[in-house]
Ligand code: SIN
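Okay, so here's just one chain, in C-alpha cells, the form predicted on its own.
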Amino acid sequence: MNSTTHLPISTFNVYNSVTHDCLATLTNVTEKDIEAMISAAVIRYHIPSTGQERQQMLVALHEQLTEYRYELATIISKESGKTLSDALAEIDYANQYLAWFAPLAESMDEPIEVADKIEVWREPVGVVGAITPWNFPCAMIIRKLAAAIAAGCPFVVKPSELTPLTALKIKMYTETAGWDKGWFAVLVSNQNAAVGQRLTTDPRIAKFTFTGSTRVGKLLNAQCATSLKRVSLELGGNAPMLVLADADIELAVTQCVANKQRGTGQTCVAVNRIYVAAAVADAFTQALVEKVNALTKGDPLHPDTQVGHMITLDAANKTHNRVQQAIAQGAKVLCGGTYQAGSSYYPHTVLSHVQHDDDVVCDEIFGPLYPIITIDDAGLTNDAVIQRMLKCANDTQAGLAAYVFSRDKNVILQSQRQLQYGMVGCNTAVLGNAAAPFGGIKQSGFGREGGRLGLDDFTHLKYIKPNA
C-alpha cells in the first residue's frame, strides 16, 4: 500500500447541476477499499478468460444500457446539467463502443501475424487504472472499459466527484449483466489527488488512462513514470473551425451549433474559435445568430429542451467572465452574453470583432461561446487566404480536433493534411465514431480510443518463434 496516500473516512455530497439540490451523500473510498478493489482486479487478471466470454460480457452490458437508457439518461442530466436528449445521445454513443469492441474481443484468441511459423500474439497488459471526467460521465467510462475488457484487462476507475452516480449505476448494470468480481471497480471519492496518486503509483496497475485537463494530465503522467506504466492521455483542446469563402454556410452553421450543443460546449472537441473568410463573414454571422436564437430553452429534463446547463455555478460564472474579458478586448456580443448570479445556466453567445490573439481565442473556453475571427482576404489569392487560416489554426499548443468547411475538394485535401491535429472534420463538426481512433497530438495528449487501434493501448505483443 502506498504510504503517502491518506484517505480518512469521510463523505461528500452530489448535487443536481440545475436545481443545486443534494442528490446523494456518498462515502469516500478508504485505503482499505482501494486495496481490496485492486487486489480483486489482480486476481481476476490471472484467471484465464476467452475472447468469446469477454464478448458476451460486453454484449450483456450493451443490453443493460439499452434497456435502462432513460433511467441512466435522467441521472446523467441531473448530475451534469445536460439536456435529456443530449444524455440519451451520450448513452447511444457509449453503446457504439460496446458493440464495436465486443467482436474484437475474439481477435485476441488468434495471432495477429504469421510468417515462417512465427507467431505474434496480443496479450492483455494487466490491470487498468482510469480517471474520467464529468462532461461525459457514461461515455468516457464505457469507451475505455469496452477496450480494456475486450483485451482482457480488469478495469478500476475513479469517476469525477461531480458525476459519480452515473458510474455507480453502470457498475450495477455490470453486476446485473453477470460480470464476475474483479472485472470492474468504481472508486468514488472527492479526494482526487490522493486517489490519483494511488492509481498512478501502485505497481500492480499496468496501464493508466486519463481524460481531463492538460495540467492534471502532465502531473499524473509524471507519477506513472515511477513504475513505467503504459499511459494514454486525452487532454484539453482548442479546436479551430475554418469557413472558406466557398463553404456551404447553412451546413457550416448547423454543424457548428450541433457541435456546441453537446454538453453546452463543455467538451474537449468543441469548436473554440471560428475563422471565417471576410467574403462570407456577414452571411455566416447572421445565420449563426439566427440559429442560436432559435434554440429551445427550458428544463433540461424536458425532451424538447435544446440548451443545457453548465456543470457548476463557478463554470457559468467563469464563462461570463470570459465574455466580459472579450468585450474589454474589443469583441461585440451579438446574442447571449447575459448571466444571472446563482445560476449554472449560460446562454449560447456569439461574439464578433474577435482577434486571433484575444484571450478567448488563445484559451480553451469550455462553454457555449462562439468567437468569430474574420480573415481579411482583400488583395489575397485564395491560396493565400487558406494558408493564413491554417497558420492561425495551428498557432496553439493543443492538437486534438479541427474542422474545415469548403466545397473545393482540393482545399479540403490540402487542409486536412496541413492541420496539426489528431482529428479533422471535413464539412462536419461531429467526430464521434466507435470505428475511429479518437485522440490528439501535441499538448492534447497521446494514445487512441476506439477503432481497431483502440486495443493497442491495452495489450502488449508476444513474439513466439518455434524451434525449427
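The numbering used is simple: start at 1 and walk along the sequence shown. Everything numeric in this text was worked out from a predicted model, so none of it was measured.
Another form, the form predicted together with this ligand, is not on view; read the next lines as being about it.
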Discussion item. Please identify the residue among 262, 169, 230, 122 with any heavy atom within 4.5 Å of this ligand in the model of the complex.
Written reply: 262
Worksheet, complete the sentence: Residue within 4.5 Å of this ligand in the model of the complex by heavy atom, from 207, 78, 348, 143, is 143
Discussion item. Residue-level contact is defined here as any heavy atom of the residue lying within 4.5 Å of this ligand in the model of the complex; does residue 267 satisfy this criterion?
Written reply: yes
Discussion item. So in the model of the complex, is this ligand close enough to residue 83 to count as touching (4.5 Å, heavy atoms)?
Written reply: no
Item to complete: Determine whether any heavy atom of residue 90 comes within 4.5 Å of a heavy atom of this ligand in the model of the complex, and answer yes or no.
Response: no
Item to complete: Indicate whether this ligand has at least one heavy atom within 4.5 Å of a heavy atom of residue 135 in the model of the complex.
Response: yes
Discussion item. Only one of these stretches, 135-143, 218-226, 375-383, 107-115, has heavy atoms within 4.5 Å of this ligand in the model of the complex; which one is it?
Written reply: 135-143
Item to complete: Scan 221-260 and write down, in order along the chain, each residue with a heavy atom lying within 4.5 Å of this ligand in the model of the complex.
Response: 234
